[in-house]
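Next up: just one chain, as C-alpha cells, the form predicted alone.
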C-alpha cells in the first residue's frame, strides 16, 4: 500500500484518460496521403485505424477504356517509384494470352531495368528510414547514390520515372551505347557504399535502439495477412516470385533469397526489415553483374507485332516480384480492342491491414519508424 508521507493516508488512485489523435492525411511521418487515427494512453498507442483513399485515380477502369497499346503508359502510375514493374506485369499477362515468345535479349533487358529500379526503390526506402529517425547525414548520402541509378534509367529509356519503355513482345529500343559500362561502374560504387551504410546505421547504437524490437511481424502473422516481399522475408518466409515462379529468365541467374536473422533485436522487426534491404541491394548488384555479362545477341522486340496487334479472348494471371512484394495482374480479354477487365494484387494492401496491430503497444515516436520500415506504396493501394 502506498502512503502519502504528508497526510499519512493513501492517495486517491491515479487514473489517466485516453486521448484521440489524428495524423494526416499529409504529414511528415506518413509515407503518402493517408490518415492514422490513434488512441493514446499517455504516449503509448492502445488502438489505431488506418484510412486511405485520398489518392484514388480509377486506374483499373481507365485501362478498360483504352486500346491495348495505350495501356502501357498508364502502368507507370500504378506505383510511380517502381514504374517498370507495372509495365512488366501487364506485358507478361498480355503475352500469356496471345502466346508471344519474347526474344531472350528483350527478356534480359527487362531484367536489367527491373533490378535497377529495385535498387532505386531500396535506396529510397533507406532514405525514408533515415528521415524517420532524424539522420540527415544518411539521407543525403543515400539520395546522392540513388541519383546515379536514376541516371542509368534516363540513359537507357530517356526518363527517370515514367519510363514507358516496355512493349508487348519486348522493349522499345536496344541498349544505349555506353550503358553496360555505366552499369558496371554504378554497381561497383554501390558495393563500396554499402560499407558506409553499415557504418552509419547498422553499427550505430542509437539507430539500433530506435528500430530493434519495434513493429515485429512474425512469420505466422505474415502468412495470415498475405504479406510478401522483403517484409515477409525479414519475418523468415523464404518466398520470392523470381525463385518460385521464374519469369524473364530469372531461372538462368544464380542467386539466393536473403532472410531476416533477428540481429540486434527480434526476427521481423523494423531493424530486420532495414538490414534485409541492405542484403537485397547486394543481391541486386550481383544480379545486374550477371545480367549485363550474359546479355544475349538478337532482336529486342517481336517486329511481327508492329501492325494489327490484337488480343484474342482469354484470361491470365501473372505475378512479378516488385520491390515491395508480389505484384499480381488478373487480365481478361473478350477479343475486343480494349481490355475487358484488369485487376491488380498489390503488396501494400496487406501491409496497411497490418499497421494497426504493429502500432498497438508501441509509443507515439515509433509511428514514423514503423511506417517507413514497411515501405508502403500508397499510390498502388489507392490506384
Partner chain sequence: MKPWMSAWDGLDVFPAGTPEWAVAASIVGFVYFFVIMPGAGFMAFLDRKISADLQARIGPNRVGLAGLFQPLADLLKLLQKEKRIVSGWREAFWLGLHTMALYSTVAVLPLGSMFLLVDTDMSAFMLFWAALILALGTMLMGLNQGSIPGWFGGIRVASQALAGAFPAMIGMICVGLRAGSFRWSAVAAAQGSSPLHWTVFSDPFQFIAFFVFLASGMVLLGISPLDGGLSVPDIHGGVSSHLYGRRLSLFRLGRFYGFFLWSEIAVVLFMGAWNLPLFVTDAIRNYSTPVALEAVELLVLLVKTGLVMLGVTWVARANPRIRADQITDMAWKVLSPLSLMALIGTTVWMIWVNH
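None of the values given here were measured: they were computed from a predicted structure. Numbering follows the first chain given and starts at 1.
Not on display, but discussed next: the form predicted together with the partner chain.
- For the three residues 120, 186 and 299, a heavy atom within 4.5 Å of the partner chain turns up in the model of the complex in no case.
- The partner chain in the model of the complex is approached by residue 141, whose closest heavy atom lies within 4.5 angstroms of it.
- Shown alone here, residue 105 lies farther than 4.5 Å from the partner chain in the model of the complex, counting heavy atoms only.
- In the model of the complex, at least one heavy atom of residue 204 sits within 4.5 Å of a heavy atom of the partner chain.
- Among heavy atoms of residue 375, none comes within 4.5 Å of the partner chain in the model of the complex.
- Contact with the partner chain, judged by heavy atoms within 4.5 Å in the model of the complex, is confined among 206-214, 260-268, 78-86, 283-291 to 206-214.
- Checked against the partner chain in the model of the complex, the residues 149, 132, 311, 111 give one hit for a heavy atom within 4.5 Å, which is 132.
- In the model of the complex, the residues of 353-367 lying within 4.5 Å of the partner chain by at least one heavy atom are, in order, 363, 364, 365, 366.
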